[in-house]
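Here's a solo chain for you in structure tokens, the form predicted on its own.
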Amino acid sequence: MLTSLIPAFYYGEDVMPVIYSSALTLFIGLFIVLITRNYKKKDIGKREGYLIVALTWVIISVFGALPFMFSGSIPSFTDAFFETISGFTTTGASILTDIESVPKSILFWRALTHWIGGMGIIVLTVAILPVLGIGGMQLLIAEMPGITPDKLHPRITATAKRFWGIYVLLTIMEIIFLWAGEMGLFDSVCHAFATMATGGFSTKNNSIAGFSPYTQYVITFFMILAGMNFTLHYFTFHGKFKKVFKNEEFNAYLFIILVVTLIITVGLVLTESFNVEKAFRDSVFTVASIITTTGFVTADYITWPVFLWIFVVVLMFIGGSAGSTGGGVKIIRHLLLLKNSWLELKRTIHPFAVIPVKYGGKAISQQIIFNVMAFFLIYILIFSGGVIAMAVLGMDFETSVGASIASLGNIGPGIGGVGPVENYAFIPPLGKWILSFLMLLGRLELFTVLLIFSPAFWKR
């Protein structure tokens, strides 16, 4: 929070909201440390790992809401919490109606919530502050998006540091490229934070639409990088390109982006009389923004012909790669589900044949397949519950669907009343709390949060 003092001093803004927020957070944090100092450390098991992760994201969001409230930018605690958890979970759903009137220091903090949440608060803790001692892997498993986190190094701390090193390096690279265009340093930093975190909070009311084609292409490129598995970035920096291009999920990821971009580009040129470059730029930006769950906007896709924006809605259910900062179901789960479904047809024809699902040339255990199938089922059930809850609160069907999938998938913009040029300000307070819960579920991949509500979780 104190880093927000830099833009506050530079732009001559009131520094007290940041100081009050930081002081209160520091005081309560130190108080908790003092009252627990006599407890002995012990190994952190799965139960403690899941509980720490889930509670940390909620508590961090409570304290993260303080700068918004103390500055008067978002007086309501419900709205401030919604904006903050939207930032930390990298959803990018906002209740702000006039972003450009918000103090720069608060906008910086808003962007910083994205950047911290992107790679994960717990991963940062394990990498930089290994005070938790033994058991850090349980925290990493509970938080890292995807099926299982890739270990680049036998020590979990070293693995986390490598992820964060790549994350920081890519962020700095994007800041430089954006600053080389028409963006100032402040906007470059905020948008780089939001891009690499696949968050989508912009400092402008019209998101990225008002920036030049150069800036839009730069952000598109880095959104695609952010939606990749960070293990592949590690391989790239070490010249292991074969491992990158042999990765099934990566190839599927690029294939989806290219095919859907081509379809939408041709559709816009033929039906909307767009010039080819404009059609391609809007298409590739929107496709990259939605599949990586970033949520930046250059065009109102809801105004496109229905058969085109339906492709965008389908992308909302796909998501980025496992091990990326993106949200959603993740491409690897779709691949495994499709492979298993295809093999089920073969097993029907040859009931006694043993035909395992293979990924990357290796057989996948039946337990992982069951896990993927369970994830899909629970994901659809929770999404359906969100739609029903929004409808009960008075939202129309499109808005209920859009708000639910955009929150659960950590996307930000949806369809209907929460479309790409709208915001979440009109959602009733109870609806914002429901959507906040969906954001947390989506960011922590359902099971991390749902396990806490299971009676069996608390039994010895």
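If you're wondering where the values come from, they're calculated on a predicted model, not measured in any experiment. Numbers for residues come from their place in the sequence shown, where the first is 1.
A second form of this protein, the form predicted together with another copy of the chain, is not displayed here; the remarks below concern that form.
Another copy of the chain is not drawn, but in the predicted bound form it has a heavy atom within 4.5 Å of K346. Remark: V392 counts among the residues lining another copy of the chain in the predicted bound form, judged by a heavy atom distance of 4.5 Å or less. Using a 4.5 angstroms limit between non-hydrogen atoms, V387 touches another copy of the chain in the predicted bound form. At a distance threshold of 4.5 angstroms between non-hydrogen atoms, Y167 is out of contact with another copy of the chain in the predicted bound form. Although the partner is absent from the chain shown here, none of M183, Q216 and F245 has a heavy atom within 4.5 Å of another copy of the chain in the predicted bound form. Shown alone, this chain has one stretch from 368-376, 82-90, 227-235, 245-253 that lies within 4.5 Å of another copy of the chain in the predicted bound form by heavy atoms: 368-376. The listed set I176, L262, L270, V314 contains one residue whose heavy atoms approach another copy of the chain in the predicted bound form to within 4.5 Å, identified as V314.
A heavy atom within 4.5 Å of another copy of the chain in the predicted bound form is found for one listed residue only; from S188, T171, N340, T203, this is N340. Contacts between 394-425 and another copy of the chain, taken as any heavy atom within 4.5 Å in the predicted bound form, involve M395, D396, F397, E398, V401, I415.
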